[in-house]
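Shown here is one chain on its own, the form predicted alone, set out as structure tokens.
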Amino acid sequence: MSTQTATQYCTFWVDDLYFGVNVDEVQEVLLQQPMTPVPRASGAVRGLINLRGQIVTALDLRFRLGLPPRAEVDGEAGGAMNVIVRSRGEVVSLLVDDIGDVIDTGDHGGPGLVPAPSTMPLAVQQVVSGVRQLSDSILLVLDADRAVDEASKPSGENA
């Protein structure tokens, strides 16, 4: 039995980091949504959104990665977009800065997925399954399960 590596990724930016998540894990991508705060939740939990009657937790990847927060606009994370992913049977919104395209890395050749370099910040290493060299950039392949798991840790552990 051969292991198949994903080649299609939904891409997005968090600060100047270019991420991709396997399209099979993405349910949809949405513009900024109204959020209900969750008292006493981890700092990464920005709130809850109502996705056509389904309550979905919104996790801020900026917080998780130890980056400065987005500017607040009317009490909401200014301009945050939602990448709705499935993680361990649950639907979760990952708040990101900007959405890219769906890309097929099979078109780029190269060595495929390689381990994240040790010089990469630890917070980033903890949420990626590896990196892929593209013709004009490096794609950080996000492991949605690890990003969600890590987001539930207290902020002191996000170094």
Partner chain sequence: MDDDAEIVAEFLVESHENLDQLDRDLVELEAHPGSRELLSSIFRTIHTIKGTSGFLAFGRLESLTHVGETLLSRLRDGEQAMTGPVTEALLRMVDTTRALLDVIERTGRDQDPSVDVAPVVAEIESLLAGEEQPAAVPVGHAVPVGHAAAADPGLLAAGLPAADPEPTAPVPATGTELDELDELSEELALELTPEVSAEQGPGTAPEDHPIALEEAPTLLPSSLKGLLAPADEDPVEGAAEPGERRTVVEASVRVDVDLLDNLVQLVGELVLTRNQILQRTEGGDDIELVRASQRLDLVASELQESVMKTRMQPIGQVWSKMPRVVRDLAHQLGREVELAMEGHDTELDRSLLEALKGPLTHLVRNSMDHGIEPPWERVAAGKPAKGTLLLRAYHESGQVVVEITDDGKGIDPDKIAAVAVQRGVVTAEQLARMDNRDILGLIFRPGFSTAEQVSNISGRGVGMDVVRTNIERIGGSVDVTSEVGRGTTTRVRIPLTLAIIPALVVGEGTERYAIPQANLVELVRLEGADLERNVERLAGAPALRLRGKLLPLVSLAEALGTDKIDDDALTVVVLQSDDLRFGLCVSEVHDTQEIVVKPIGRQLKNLTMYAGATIMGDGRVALIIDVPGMAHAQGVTASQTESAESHTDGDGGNTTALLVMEVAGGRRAALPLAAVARLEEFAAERIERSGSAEVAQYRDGILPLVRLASVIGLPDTGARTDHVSVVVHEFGEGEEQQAIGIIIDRVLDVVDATVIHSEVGSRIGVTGSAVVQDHVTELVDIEAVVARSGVGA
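Predicted, not measured: the structure shown is a model, and the values here were computed from it. Positions refer to the first chain, counted from 1.
There is another form of the same protein, the form predicted in complex with its partner chain; it is not shown, and what comes next is about it.
Heavy atoms within 4.5 Å of its partner chain in the model of the complex belong, among the stretches 114 to 122, 55 to 63, 129 to 137, 95 to 103, to residues of 55 to 63. Against its partner chain in the model of the complex, the set 38, 50 and 90 is in full contact: each member has a heavy atom within 4.5 Å. Of the heavy atoms in residue 149, some are within 4.5 Å of its partner chain in the model of the complex. Although the partner is absent here, residue 68 sits far enough away that none of its heavy atoms falls within 4.5 Å of its partner chain in the model of the complex. Contact check for residue 45: a non-hydrogen atom falls within 4.5 Å of its partner chain in the model of the complex.
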